[in-house]
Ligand SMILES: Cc1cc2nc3c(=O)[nH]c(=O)nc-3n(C[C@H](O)[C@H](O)[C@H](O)COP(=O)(O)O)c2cc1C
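Given as structure tokens, the chain that follows is alone and in the form predicted on its own.
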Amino acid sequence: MDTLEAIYARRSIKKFDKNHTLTDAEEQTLLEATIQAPTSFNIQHWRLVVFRDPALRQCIREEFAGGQSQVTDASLLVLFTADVKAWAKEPERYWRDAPPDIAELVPEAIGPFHEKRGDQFQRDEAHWSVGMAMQTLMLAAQSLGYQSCPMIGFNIEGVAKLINLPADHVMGPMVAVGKGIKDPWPKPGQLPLSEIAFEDSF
């Protein structure tokens, strides 16, 4: 499936075949594709929590996600979080494979850039990066013949505590991936481009 086909085919699927299992190679392919998503300064601050324990997933479904079946039935369930302070943690490692002059220059700019813009910008940047990584996972899944569902309908604070989220990390949505067993509704109302795209200003 080519990229444009995957974009138009991707829909949020709620019902998955609970007996279907991804192969190790398929899961590795999806996760490796996910981390090809862009981040500013290449700081790659997404941190993915892959939920494998069936009991833990059942707990999340019942206690924190309102009984949503995709939490337990999807073949892959990934929680997206981000390290807000990744920019300050050995930034030279993000550029170690660059040409020597670039590998020295860019890491030196990362700290001043983020310090100047402050905490709120750093949190916003982390969430922007999570969004791009999520979409990358969902399109990769679609291209492999799987379906996906981004999820914000869960108790963020409860799950954060459950996974021992570090203090300098933020929570993002979850993405469920698997074999869909129920077709989605037709798209309920796509706005025309003329209503949402503007030239140069509003």
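Computed from a predicted structure; not experimentally measured. Sequential numbering from 1, following the sequence displayed.
Form predicted in complex with the ligand: not shown, discussed below.
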{"query": "Location of the ligand contact in the predicted complex, chosen stretch of 23-31, 43-51, 145-153, 163-171 [non-hydrogen atom, 4.5 Å]", "finding": "145-153"}
{"query": "Interface membership of residue 70, the ligand in the predicted complex, 4.5 Å heavy atom rule", "finding": "yes"}
{"query": "Proximity of residue 179 to the ligand in the predicted complex, heavy atoms at 4.5 Å", "finding": "no"}
{"query": "Contact flag, residue 11 vs the ligand in the predicted complex, heavy atom cut 4.5 Å", "finding": "yes"}
{"query": "Those residues of 182-202 which, in the predicted complex, come within 4.5 Å of the ligand by heavy atom", "finding": "187"}
